[in-house]
Every structure is written in structure tokens, then in C-alpha cells.
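A single chain comes next, written as C-alpha cells; it is the form predicted alone.
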Amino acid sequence: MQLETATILEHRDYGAGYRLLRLAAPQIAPQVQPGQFVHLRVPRLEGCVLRRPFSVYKAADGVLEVLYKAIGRGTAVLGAALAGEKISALGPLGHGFPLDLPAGRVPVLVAGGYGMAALYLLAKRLPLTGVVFVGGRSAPDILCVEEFEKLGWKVRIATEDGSRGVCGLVTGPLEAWLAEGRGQGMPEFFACGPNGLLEVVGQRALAGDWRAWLSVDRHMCCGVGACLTCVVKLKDSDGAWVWARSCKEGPVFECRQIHWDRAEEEA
């Protein structure tokens, strides 16, 4: 983990309310693993004590890229930041996705909305390509498809209004693919998106006796495990449960670890 004063190299509209932020962060960028995040202090929001967490979209050559949507005060203010400005960055934080696939596994990525951006670095660094299932409310919410296809991944799309891909939830084409025989090998799931989607993916993996690595969606205030606002309920080895901090022990957990009924109550 590094505390670094990063420089904004580029900050532009990505379309449909999304923005792309490129940062020169030579200390943090080389350390980032897929699924980790960075905590940024938003410029001109100095009155707020807390930083804002952002998943890392790309990390290479000393540069970090974040793809985000303005959904609150912090991201709305961040949208006004300009190239050349400095921004305090803390990271990389959390535990990300594993990259050591067992022999005979087919990587299956499942994303909801801008969870697709959080899975791009994973797709780039996994030892082999597989299939990506992405869902959103409408066509503008389907992100980064061309980026994944350039890496050699097959992409299947679902939108709730039917404006792109299959009409319905992303679990529809996922179930269809599994019913088709799921290609060659046993699926290994990696998912990022709303907790409802993660729970469904986890349940499907359990039913097939497969593994699923899920990046849980929690509000992360401090980012370093001190405030305990992002806890999730996990099963322990004795079948009881324990609390875990999604910013510290997570945000990625294997589906067998997560105690979903309490997680949904806390969501």
C-alpha cells in the first residue's frame, strides 16, 4: 500500500454518464492486482474527511485508469477535476481475484453495469481467455465490450430493456450457456456487480460444485479496515460465522465463504 500524489493525465466523458480518469501513479500502478481498488481524495472536496473508493480499470506503465459513474456528491465533484491537477491516492487496497486457474478450468466472468470495467484487468492477466457475461439496464450501460474482444474473450450481453443483446437479466444467457454444455472444461466464475447478482452467481456455482470468486459491493469509508462499515458475514471452518472487512479481507471472496442472508439484510 502506498500513499501517492498522483497527476491527472486525462479526464473525459465516456458516455451515458460514465467518465474515464487516467492518473500518473508510478508507485501504486505497478503493484495493482486485478480486483483491488484505490482510495482517492477528491479535489475541491477537502471539507469531507473520507476518501472515495474506485475499482482499477487498467494499470500499466505507471498509469492507473478508473472508469466511474457520477452517483453521489463525491463523484459529481470529481467530475470537475482537470488534466494536470494533483490528487491524493492510497492503494492498492484489498485482496483481489486469484490468477492461478487449476488445469481444465474455463474462466467465466459475470458483470453487472460498470462491474465490467473492474473485471478488465483480470481478463487481461488471466493465463487463458474464456467467456464474459455482461448485463445492464440498457445499451449505454454495457461497457468495454470491444476491449474484452480485443483480448480474445467471447462476450455475451443482456439488457433489461432489450436494447442490446438478450432481453432480460445477465443470468439468462449465463444459464443458456451452461445448458449448452459450457464449452470445454469446468467453469471458474469471477463476478463483479450488485450483491443480488453475486448471490445468484454464487448459488449457481455451488449447485454445480464449481468455484466462484465474488467482489462484494459494500460502502468502504476508510479503505484500510479501521471503521468496520463494510463488514460482510462469512462462514468459518466450523460452520458458524465471523465478520470480515470487505476493504481488508476482501473485496473478493469465494462463494462458499459468504453468508448471504445476513449480507442481504445489511445491503
Partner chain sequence: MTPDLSITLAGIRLKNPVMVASGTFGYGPEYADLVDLSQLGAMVVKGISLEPWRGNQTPRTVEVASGLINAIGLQNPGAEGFLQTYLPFLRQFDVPVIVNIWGRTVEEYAAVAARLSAAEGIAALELNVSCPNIKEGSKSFGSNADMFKRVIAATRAVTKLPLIPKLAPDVFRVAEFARQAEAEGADALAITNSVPAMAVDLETRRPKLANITGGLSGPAIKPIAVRLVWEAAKAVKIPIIGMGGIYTAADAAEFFIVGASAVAVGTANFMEPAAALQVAAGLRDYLARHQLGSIRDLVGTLTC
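Nothing here was measured: the structure is a model prediction, and the numbers come from that model. Under this definition, the rigid core comprises the largest set of C-alpha atoms superposing within 1.5 Å between the forms. Numbering follows the first chain given and starts at 1.
Here the subject shifts to the form predicted in complex with the partner chain, a form of this protein not shown in this document.
When contacts are judged by a 4.5 Å heavy atom cut-off, residue 27 does not count as touching the partner chain in the predicted complex.
Although the partner is absent here, residue 229 sits close enough that one of its heavy atoms falls within 4.5 Å of the partner chain in the predicted complex. Under a 4.5 angstroms non-hydrogen atom cutoff, the partner chain in the predicted complex lacks residue 204 among its neighbouring residues. Among residues of the shown chain, residue 60 is not one whose heavy atoms approach the partner chain to within 4.5 Å in the predicted complex.
Comment: 221-229 is the region of 27-35, 221-229, 196-204, 60-68 lying near the partner chain in the predicted complex, near meaning a non-hydrogen atom within 4.5 Å.
No residue of the trio 14, 139 and 216 has any heavy atom within 4.5 Å of the partner chain in the predicted complex. In sequence order, 1, 2, 3 are the residues of 1-27 having a heavy atom within 4.5 Å of the partner chain in the predicted complex; the partner itself is omitted from this view. After superposing the rigid core, the Cα of residue 209 is displaced by less than 2 Å between the shown form and the other one.
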